[in-house]
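Only one chain is included here, represented as structure tokens and corresponding to the form predicted on its own.
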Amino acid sequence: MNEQIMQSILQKIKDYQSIMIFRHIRMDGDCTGATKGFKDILTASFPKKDIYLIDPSQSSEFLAFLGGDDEEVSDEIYAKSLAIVLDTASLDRISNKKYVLCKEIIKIDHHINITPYGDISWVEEERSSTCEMITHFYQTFKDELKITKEGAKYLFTGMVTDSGRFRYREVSGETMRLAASLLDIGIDTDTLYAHLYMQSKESMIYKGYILKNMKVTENGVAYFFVSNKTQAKLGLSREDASAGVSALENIENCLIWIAFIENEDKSIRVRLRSRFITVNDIAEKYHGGGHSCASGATVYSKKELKSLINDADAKLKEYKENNEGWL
């Protein structure tokens, strides 16, 4: 079934002269790697086609080493183009809203398919990343497609970041084989990992702040809150502040950990993570969603924040009471 869908996608790509590629808001390694990697494949494979990746409303300091996107083009170009939306679960999360101008939409994604969209939709929820899917697409049609070393780097970056360095439950033997196929093309992993994981002095200070100010619920939910004032004091971007959730991932007995990051409009961004336990249902209750053990949400008051913590604590209590072997 998926191979038929992939064949349909390839045929649509062949049918169009102009193709626009889109990603989700709050860009991360997977959506950036997938969009830039897919553009590389299409550009290398179909050099006479017009392939655009335009995302003017956002940027990422963390991923700046991957380079920028294309400059804006006229609405007339959008209107004659095929839209390919990567790593984006719902239409409202597409960053560049001009996708509505395009003639047709293709969705390629690995998130839970709660709100289907697209004239063609290829969704594999069991995949560790959309970059894994794009690599699979390339390998499936390798006789017709090409990729450069830069494209391999983009896709490998997304696979590494969205799989937690190949540690999450969605990682399979297929994931590793596809990652190996990218390494065989030639990737400077020393430099890549330095860009991804070296931390500034300010980041280390922030980690110390988190560990000093974190709280743990009765049943082991670890969490912290960072106000706008604290973000300004520590010189943190919203992206840096949100990334701090990883500081809590290895605390013994804390199988759920959460970062609450205050936005400029006083809403609170939630980064929800877990080990063994499914938490995307909690995220969905609070205006969000995502993967089983890595989700995002938004709360709009301290009362709602406390309610989310209580829901997470209750779920963790139930899990610990009914399961063994969770350390």
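Owing to the predicted nature of the structure, the values given are computational and were not obtained by experimental measurement. The numbering used is simple: start at 1 and walk along the sequence shown.
Absent from the display: the form predicted in complex with ligand AMP. The rest refers to it.
- Just one of K103, R93, K98, K207 comes within 4.5 Å of ligand AMP in the predicted bound form, counting any heavy atom, and that one is R93.
- Listed residues V160, A152, V171, A89 were compared with ligand AMP in the predicted bound form; A89 is the one with a heavy atom within 4.5 Å.
- By the 4.5 Å heavy atom rule, the three marked residues R273, H287 and G290 all count as contacting ligand AMP in the predicted bound form.
- Look at 263-271, 60-68, 47-55, 34-42: in the predicted bound form, residues with non-hydrogen atoms within 4.5 angstroms of ligand AMP sit in 263-271.
- Shown alone here, K315 lies farther than 4.5 Å from ligand AMP in the predicted bound form, counting heavy atoms only.
- The closest heavy atom approach of H136 to ligand AMP in the predicted bound form falls outside 4.5 Å.
- With a 4.5 Å cutoff on heavy atoms, H111 counts as touching ligand AMP in the predicted bound form.
- Contact annotation: I277 falls outside 4.5 Å of ligand AMP in the predicted bound form, judged by heavy atom distances.
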